[in-house]
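This document opens with one chain alone, in structure tokens, the form predicted on its own.
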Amino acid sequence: FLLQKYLYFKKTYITCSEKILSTKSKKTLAKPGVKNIVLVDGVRTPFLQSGTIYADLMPHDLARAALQGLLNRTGLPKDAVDYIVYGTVIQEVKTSNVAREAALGAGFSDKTPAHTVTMACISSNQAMTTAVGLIAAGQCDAVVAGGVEFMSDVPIRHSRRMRKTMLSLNKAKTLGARLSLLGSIRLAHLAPELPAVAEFSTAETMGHSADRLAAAFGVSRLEQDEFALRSHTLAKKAQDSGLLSDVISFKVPGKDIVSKDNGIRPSTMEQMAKLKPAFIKPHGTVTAANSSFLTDGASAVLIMSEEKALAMGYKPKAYLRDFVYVSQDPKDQLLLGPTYATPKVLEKSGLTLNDIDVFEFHEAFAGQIMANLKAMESDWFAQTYMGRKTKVGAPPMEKFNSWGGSLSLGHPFAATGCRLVTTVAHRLQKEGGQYGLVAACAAGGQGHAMVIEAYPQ
């Protein structure tokens, strides 16, 4: 009897010990001789559908609000920031270096340099990794990174012929020369050049490409609508539960205070099924309901060396670890960035898919997400296109975008990257995980992935 009892307790002790070790023994990704770089905090303005409450603003107004929100939340002295990097995609010509204009407006020192980057939907990811590089190189200790997009007012140009005539008019020296130029203007010259979310190299819109990609991977309309409904449902739950703590309140001049995203709208499968295809008609599967919508918004994060953050009394949220950028064929693989980037960043970190506790992928279209998940689960795709012996493996859905995503929260092109990283940090804290992975596709057939490690609580 005593022997049985001893063996029972021994077995129980070993089992408990194994459980404790399995949750606590994950290695840290700190590297000898390499600075630990941390995310101190991150904020964003509410993401609003374009043409709504932000409609009368300019991009730098939103960027300034995000920067001021970050200063307020962190209590950061404005002169403690060494550098500011901001991303944007559709540039407002009056504020082409929006980083500098927003920084000055937010009250940062005029001695703090700022520059703007652009890399389509991964522009603020590029801003953040630029910050990481500046700190790793010893050039800076504290960098603010972010992104802004303002789709309520985009530049609409005159036609090329009209622009040439107007520039020539400016140089014309005589009345006769001016009258001759004015007489050359034809009605067709007055047609404006409207902006389009299309690839320059292929002339194909991203939605059209997403529809083709979904068809190539056999993603049905039903699957896309189900995923979109999941995104909206989870976003609404997260919003109602107060989990979207990165959102700051913003007083819109002449209007009300805005404090939450306005594109989260859980529908029903029946209502979604009524919508017609948006790009490939009449047989396409991508609709307005299973695509991300045009959005206005801005985000900002404070990135520091761990040493500097601790010296200033901060408790960081997460370590920013390995990251990769990838590029592939912009015609047939435009939106497959996550499939290519995920295994590369895992290998760089020495991790497996099973080590990741939290996944945050950018949701451009439901069809794009489902196509990536199917590509990641395909041995044939891995062998044929990626030079791998076996498939990457798809993230388990219980770990995937569990607070909603771009389909529901909105997608201001250059602001989404910071939202993804901040959400991973918050989910790791909330769920007790150690590693998170961010991945996103971008125009031009590019993509990005980053591993984030929870800061010890």
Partner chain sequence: GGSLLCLSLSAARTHVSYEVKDNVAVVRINDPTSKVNTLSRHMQAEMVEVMNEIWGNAAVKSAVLISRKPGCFIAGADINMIQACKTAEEVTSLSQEGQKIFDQVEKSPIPIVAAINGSCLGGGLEFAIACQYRIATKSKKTILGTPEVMLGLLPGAGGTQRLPKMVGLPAAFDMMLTGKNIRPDKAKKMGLVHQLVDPLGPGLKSPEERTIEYLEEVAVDFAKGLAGRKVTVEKKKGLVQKIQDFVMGLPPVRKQIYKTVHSKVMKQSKGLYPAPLKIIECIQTGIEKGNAAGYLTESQNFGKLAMTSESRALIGLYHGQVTCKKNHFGKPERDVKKLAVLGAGLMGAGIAQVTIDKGVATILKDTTEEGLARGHQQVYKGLNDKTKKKSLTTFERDGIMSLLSGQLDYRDFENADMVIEAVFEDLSIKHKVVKEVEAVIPPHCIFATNTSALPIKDIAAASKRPEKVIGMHYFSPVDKMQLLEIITTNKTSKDTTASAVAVGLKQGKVIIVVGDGPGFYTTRCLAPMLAEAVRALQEGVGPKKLDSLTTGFGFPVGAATLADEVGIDVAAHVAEDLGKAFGTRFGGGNVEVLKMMVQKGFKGRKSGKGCYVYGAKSKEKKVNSGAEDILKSFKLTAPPAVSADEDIQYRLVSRFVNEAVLCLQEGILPDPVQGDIGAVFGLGFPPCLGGPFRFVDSHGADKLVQKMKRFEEAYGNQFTPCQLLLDHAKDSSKRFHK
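Positions refer to the first chain, counted from 1. Everything numeric in this text was worked out from a predicted model, so none of it was measured.
Missing here is the form predicted in complex with its partner chain; even so, the following discussion is about that form.
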Stretch in contact in the predicted bound form with its partner chain, which is absent here, among 373-381, 288-296, 160-168, 349-357 (heavy atoms within 4.5 Å): 373-381
- prompt: Do residue 275 and its partner chain come within 4.5 Å of each other in the predicted bound form, heavy atoms counted?
  reply: no
message: At 4.5 Å between heavy atoms, is residue 248 in contact with its partner chain in the predicted bound form?
response: no
- request: Using a 4.5 Å heavy atom cut-off, state whether residue 333 contacts its partner chain in the predicted bound form.
  value: yes
task: Could you confirm whether residue 282 comes within 4.5 Å of its partner chain in the predicted bound form, counting heavy atoms only?
output: yes
field: in the predicted bound form, the residue from 201, 268, 96, 327 that sits within 4.5 Å of its partner chain by heavy atoms
entry: 201
message: Exactly one residue in 344, 73, 308, 208 has a non-hydrogen atom within 4.5 Å of its partner chain in the predicted bound form; which is it?
response: 208
Its partner chain in the predicted bound form - contacting residues of 204-228, heavy atom within 4.5 Å: 208, 212, 215, 216, 217, 218
